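Shown below, as structure tokens, is a lone chain in the form predicted alone; questions about how it binds or moves come after it.
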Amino acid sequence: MATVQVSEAEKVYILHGIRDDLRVDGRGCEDYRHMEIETDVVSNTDGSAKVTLGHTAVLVGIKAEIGKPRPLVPNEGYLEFFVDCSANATPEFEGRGGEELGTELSNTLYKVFNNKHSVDLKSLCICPGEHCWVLYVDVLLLQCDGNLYDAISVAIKAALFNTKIPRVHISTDEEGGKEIELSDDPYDCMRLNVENVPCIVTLCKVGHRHVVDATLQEKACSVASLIISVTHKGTVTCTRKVGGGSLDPESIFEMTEAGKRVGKALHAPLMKVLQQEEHLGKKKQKVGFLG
């Protein structure tokens, strides 16, 4: 992951600010940076979204293809994740520098999203044991300025909300075989219920306190981080500790409670923005290079 060098004087300045609930950029310990969300930004996908969190930028595209269900769950579809760490995001990703981080992110996203508590996988089943929808979720890191997990999770939820899966019609031929026909009508499609899709909240332990949405400078002062995926009801679906330092039980409890509180508060405004953009349709103004 992208890192920056921080002097001892800067560390003391950051630590003392966080101790007093006043970070370098003026935020409180549980505040996010300014976030921008755009959906339907990639034309050749079934759903897409671009999220900018501070100077961290993430693009997610989702492609739905018909595949075969997994033997253990013949009546469910599934999601596949691929994370591409662009060398444009940071020089550290040049060559094969971003492969390890991409694999780590993909594995975490698989645990968070590819389960029946997050996405209604049964709605992706076409014919039990024979055919199902497989959602290929491609994540591209465009710019890296800390807090990748949170930005990616918001982008995935927005892209799933934007995903339109063609309606399937199954017919039987004279020999009893099944034929699958996909609807050509772009309005005759299936939408996913993303209400239970969790958002990831990353809390970094800095000194004796913890912060949400840490910048690269704050991350350099952190001993360890706790990644928590939280639903709109405040239910924790997955937790993971990252970083070389240790966390005592009291800190883990405090960080978990803070993560539940912040994550629950994140869902309502996110869904409101997504629904507002959906209602705009073709009237929505394209910005930047998308204009």
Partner chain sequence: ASSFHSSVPHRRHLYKSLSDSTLIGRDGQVCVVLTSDVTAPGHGTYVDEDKLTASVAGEVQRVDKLICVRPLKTRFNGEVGDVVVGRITEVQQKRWKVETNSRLDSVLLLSSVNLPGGELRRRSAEDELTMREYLQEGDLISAEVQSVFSDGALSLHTRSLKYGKLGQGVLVQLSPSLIKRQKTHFHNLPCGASIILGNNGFVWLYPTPGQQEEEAGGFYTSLEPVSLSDREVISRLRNCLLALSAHKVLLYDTSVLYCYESSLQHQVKDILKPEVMEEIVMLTQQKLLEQEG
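These numbers were taken from a predicted model, which means no experiment stands behind them. Positions refer to the first chain, counted from 1.
Another form, the form predicted together with its partner chain, is not on view; read the next lines as being about it.
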What stretch, of 225-233, 241-249, 257-265, 34-42, brings heavy atoms to within 4.5 Å of its partner chain in the model of the complex? 34-42
Does L22 reach its partner chain in the model of the complex, with heavy atoms at most 4.5 Å apart? yes
Taking the shortest heavy atom distance, is H16 within 4.5 Å of its partner chain in the model of the complex? yes
I'd like to know whether L280 contacts its partner chain in the model of the complex, with contact meaning heavy atoms within 4.5 angstroms. no
